[in-house]
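This text opens with one protein chain seen in two forms, each one given by itself as structure tokens under the names structure 1 and structure 2.
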Structure 1
Amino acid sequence: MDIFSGESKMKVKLLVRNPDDYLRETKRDIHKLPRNYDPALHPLETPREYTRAMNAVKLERVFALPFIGSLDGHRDGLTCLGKHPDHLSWLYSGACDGELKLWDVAKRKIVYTVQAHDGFIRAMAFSQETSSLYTVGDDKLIKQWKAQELDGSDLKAPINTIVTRGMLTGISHHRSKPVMATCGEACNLWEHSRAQPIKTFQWGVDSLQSIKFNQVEENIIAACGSDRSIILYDMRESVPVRKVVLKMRSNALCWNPMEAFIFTVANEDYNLYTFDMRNFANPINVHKDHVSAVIDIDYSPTGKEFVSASYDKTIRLYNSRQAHSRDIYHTSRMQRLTCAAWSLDDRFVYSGSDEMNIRIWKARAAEKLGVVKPREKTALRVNAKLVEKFAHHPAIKRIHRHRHVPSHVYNSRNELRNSRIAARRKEFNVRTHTKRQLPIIPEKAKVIVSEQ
């Protein structure tokens, strides 16, 4: 017939059954389910996904147990925490009584304890090249310790001690050069081999309480002054570079490890301010939610988030580009926070507080810590995606955003809100009843007093 001649265009349909299409390859493989994805056959896609999103968000809250454990052993309140740049599980902590402890976080045990200073240990910094630890204390000493031995035996005695003239409140180390900066009555630059500062930056008479080297653009230093200022230094210059004065004092400062020109300060006025160092006219973001002075801040190593420790007995986790915190951690026994740190693998958060404990938290409250198999991982990711997709729907949003907070936080939050509303109302009334037009100052710019 015609079919068999070459000219015919007729198609002959054949039945093809290829086992590859419907049989799984191994016994451990999942069963193959042929599926028709035609949307016409699934008219209720969105409602079904909504239900799944609802379940996902509820599960997320069920599994949100961020507290992992506490490291107790100090005999006085914590003052500072130090993450070893090369060892994830090594955590150094300094206390008010001058004790320095090395912890093994994985085992939650003290590795070594040493009386480092008389009085407070104010701050510590690591030099990665020489793998040494520098501490400053109220006894006006800078001490250098070796930080190499697994058993911490090199903490027995400092390998170097520098006697300084003034009070020291903070220290930071250059990322690659053998240079460190201390702050106190002035900002001093020190070199490893010298007993005298190689450079002194002074601007005004007030003292500085926190100093940090920029880890990306390595020669830049920023410090917080007690005259409510934030000062920018360039190591190579002979004078400080820039100063911005805020309405209230900044307690701590942290550079974003992934964005060279971004840093955030923890302020006394319950807020955190993120600045672009190229524009001090107003902060690029104001992070609210704390109900008491913010004492410390640390960025996550990815630069996407940061943790803040506050005097209101809570720590909060912020997305670095959002104004409100994404999570709040607290326990009934945790007192005033003095320091916080984000682990270098981006999974944990450490907090040190007045009541002598270091606490370990998960950076993402609902994350599973154990082994996660691929299918489970996919399921978790899909759940997260679903929650993200429906995050704006009121019912899901409510569950997603809901956090139980201590009553004092809850009450003072309401109080703050009321006072804010009252202030706004008053401003509105003033505006409406004055003839002369008052200039409208954006909320962000209000915090800046002056820039020099």
Structure 2
Amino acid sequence: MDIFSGESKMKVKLLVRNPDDYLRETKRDIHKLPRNYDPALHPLETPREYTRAMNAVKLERVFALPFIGSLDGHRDGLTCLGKHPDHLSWLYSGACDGELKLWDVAKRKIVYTVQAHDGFIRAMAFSQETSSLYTVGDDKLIKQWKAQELDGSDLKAPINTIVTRGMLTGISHHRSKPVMATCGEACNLWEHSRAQPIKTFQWGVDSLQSIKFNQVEENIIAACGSDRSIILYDMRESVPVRKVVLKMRSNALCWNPMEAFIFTVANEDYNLYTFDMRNFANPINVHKDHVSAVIDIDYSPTGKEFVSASYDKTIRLYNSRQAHSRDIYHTSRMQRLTCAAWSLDDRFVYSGSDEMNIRIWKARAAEKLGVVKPREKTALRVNAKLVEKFAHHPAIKRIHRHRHVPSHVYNSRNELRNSRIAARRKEFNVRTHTKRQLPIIPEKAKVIVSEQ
């Protein structure tokens, strides 16, 4: 403001304050604090962040309580789990005695129970097109069940039954077409309206034990064979496309829901192998840490993580691009794992074991399940970023990675480590004392026996 009086001139500076910057809207709000983010005013920023990261990683381990509850009601061991694509809280489970149960996971109650098959229920798959559930069992039957009623009453009787020639061990449904694939003595393609397979694929294999449709490239099918092979089929072709034979048999297979060419198999040699179907010469990644055969695998809806169930009585959560698991879940009562599934909202993991229980776990062990306020959510995100920033510092890395494991897992892990070290030492000694040069085979390539 300029004030003129004759030739004199004076400047007056005014302070302008906006009450929104420093006043609370209501008495229940927290007081607003003015902050200057100039780095020159905060010379000890990194040490302070390190301390906050240390506190955050310690609190994460304090609040890491992954087990939520168990669903008890089966009278025999679990064989398979199925997730309803339209109802997040619905979970289907099949048992060794042929019993099919529908669970409301939110209430932890049985909605409906039906005797679906004589003998084992081997697998189940959903058709989003017809809102139907398909099951296969040891009685050589494919049964179609309606899955729409909220009380599960449409599970009273199957709406369609197909009698097959041989025993079936797996089933998978096409994402958009009325076509499903089954595996057993051969890979068969079926249409909803026909009682005979429309196409049969065979490639010199005694039997297949797991089959899955690709969810992105919808016409591609992958299956695990009893001769240690992994076979790729294209439903538009009349013969199988590719085949790779591993050193040991694969028990289960799962496609990455977000990446068209990537799938992971659970193997008998305690590892999981991630392949790119365009190149079977080497697996992309070898996921280690289990100490017994891996029985089942399922990807998260984001495709960034997957869960594996093993015969060593533990389930492990893996980042799809990392070789070692980020978490391990176990309880003293949980026995051999037979199946695992990742919920469609990416928050929970289900596991089924042969002591007749389904267990519900958090996908992230320290996650809060209740209502999270915006400030708390922001603080959790900041803490996660700080832990990520200092993840390679020894003290933080040790706390972040440490997990208590059962004694049998701990002892087996040490035995396996010693055997690997001995094999590596033997290979080094052979190379050192042999005149002719031996070919150097990468670790990832050692698992591949042949490719066709």
Partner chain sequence: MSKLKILQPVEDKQEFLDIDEAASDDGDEQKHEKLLNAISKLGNKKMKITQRTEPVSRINEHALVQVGSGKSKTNKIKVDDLLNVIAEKPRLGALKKAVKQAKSKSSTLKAPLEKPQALRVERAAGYEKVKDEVSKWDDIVKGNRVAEQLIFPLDQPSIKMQSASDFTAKFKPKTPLEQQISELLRCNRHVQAENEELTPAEKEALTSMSLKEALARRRELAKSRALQSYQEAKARRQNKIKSKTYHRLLKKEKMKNHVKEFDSLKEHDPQRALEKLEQLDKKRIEERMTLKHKGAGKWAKLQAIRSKYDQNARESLADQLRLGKEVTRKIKKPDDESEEDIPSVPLEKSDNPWLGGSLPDSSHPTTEVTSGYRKLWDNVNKGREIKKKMNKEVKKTASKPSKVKQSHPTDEKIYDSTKVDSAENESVASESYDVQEEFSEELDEGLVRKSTMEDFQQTPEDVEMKQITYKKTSKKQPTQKIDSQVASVQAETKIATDIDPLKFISMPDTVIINSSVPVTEEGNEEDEDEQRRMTLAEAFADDDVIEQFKEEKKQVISASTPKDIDLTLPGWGEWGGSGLKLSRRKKRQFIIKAPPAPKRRDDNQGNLIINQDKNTNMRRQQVNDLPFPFRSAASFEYKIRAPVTSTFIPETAVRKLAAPKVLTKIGTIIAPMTDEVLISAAKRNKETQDKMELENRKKPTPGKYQKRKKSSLITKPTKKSKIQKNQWQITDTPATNSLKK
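Whichever C-alpha set is largest while still superposing within 1.5 Å between the two forms counts as the rigid core. For numbering, take structure 1's sequence and count from 1. These numbers were taken from a predicted model, which means no experiment stands behind them.
- Between the two isolated copies of the chain, the second is the form predicted alone.
- When two forms of a protein are overlaid on their rigid core, residues whose CA moves 2 Å or more are considered shifted, and residue 43 is one of them between structures 1 and 2.
- Once both forms are fitted on their rigid core, the CA atom of residue 20 lies 2 Å or more apart between structures 1 and 2.
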